[in-house]
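Take a look at this single chain, the form predicted on its own, given in structure tokens.
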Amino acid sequence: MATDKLDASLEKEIGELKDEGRAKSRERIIEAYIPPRGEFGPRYRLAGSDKEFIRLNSNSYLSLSNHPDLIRAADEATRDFGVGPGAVRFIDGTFAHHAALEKRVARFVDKPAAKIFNSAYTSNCGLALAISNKATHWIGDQLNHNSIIRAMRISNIPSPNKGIFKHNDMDDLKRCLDEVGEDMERVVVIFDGIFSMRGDYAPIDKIVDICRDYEGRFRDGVVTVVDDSHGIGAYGDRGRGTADYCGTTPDIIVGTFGKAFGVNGGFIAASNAVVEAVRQKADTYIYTNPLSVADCAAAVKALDICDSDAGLDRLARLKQRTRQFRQGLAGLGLESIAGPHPVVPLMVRETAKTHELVKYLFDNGVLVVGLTFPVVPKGDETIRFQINAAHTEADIHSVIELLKKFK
């Protein structure tokens, strides 16, 4: 049956998104990776353009995706087992590389066990499905990622069993905990480790301390969960993420291999009982094929590198370039949100100026992300810069000079 009627309705809906300023722009296609040359880091070529671009919109904080050891590990695993698992995990789709990655990432974040997923998004959804019951109350930060918001929705938690506290506001977190009904058996407090559009972090030490004060009120206690997708590998003295930076580890850690580790996939790390509940109850784990062995082998190698002197050197370079960029913005009198994370927001605070600056940077070979009204409130218009370990001192200097000329 033709979709003519459906097409017409969908085109109208897409038109409304465009009118509201919420439609996504056409996706650019990367056609070539150009390795570092001289004093400059890697560049990329886009379809339809001969220009070479520096990416300041990449989550690959440690610049590991082109590392020869990761490529070699993925190639060897593929040659041994093929490009796909051929089944879900429960139907003999579990290979040695899946089990090895789960053990390795659990050790990396210092948890007893872990379960890997195709993404951090499906990890959050799977966790919500696994640990929720009719007497579960969820509390989340106001600026939590869409995957957390979606996870709370699909777990069929009734509206009265949810609370939202103001961003990083500990007094408001206490208010939410005080308002939990006496009939609730367990409370889950969930938050991003690094807030991806701002580069600021959740004060995990304070959150955990507050939640401990409420433990005795509920049969199953108060469980703390961090989605540290932007922190794991790229934050803290050892690259262990926001928990490393704050000196306190929450009960459950959700993360990704697709950012600092430069590969693909997500994970949940927690107690053996939580991970077994995920294995038994998480639809996003049970009913879909797992990561390829290539992804798993490359991710294990990335974790090994992060635990080595070479990995700590990359982390140190990332911190140096981040400081250089932040200092450059400050030297120009430009506003940002303070913090050492390589997500560095430039607060433009005007929609037209944000669009103008994004285009100016693009025309000069720099890829960034601009956020404007109505995606963000009026007055919060922002350009997000993301620093990577492969960026050089000359790279950062050149971008600062561009901003100086624009200003």
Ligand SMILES: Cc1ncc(COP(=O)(O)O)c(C=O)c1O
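Just so you know, these numbers come straight off a predicted model, no measurement behind them. Quick note: we count residues from 1 along the sequence shown, nothing fancier.
Separately, the form predicted together with this ligand exists; it is not shown, and the next lines address it.
Stretch-level contact check against this ligand in the model of the complex with heavy atoms at 4.5 Å: of 142 to 150, 199 to 207, 318 to 326, 163 to 171, the positive one is 142 to 150. Contact check for Lys259: a heavy atom falls within 4.5 Å of this ligand in the model of the complex. Contact check for Gly126: every heavy atom lies farther than 4.5 Å from this ligand in the model of the complex. For Lys115, no non-hydrogen atom is located within 4.5 Å of this ligand in the model of the complex, even though that partner is not displayed. This ligand is not shown here, but in the model of the complex it comes within 4.5 Å of a heavy atom of Ser119. Residue Asp192 is the sole member of 168 to 194 found to place a heavy atom within 4.5 Å of this ligand in the model of the complex.
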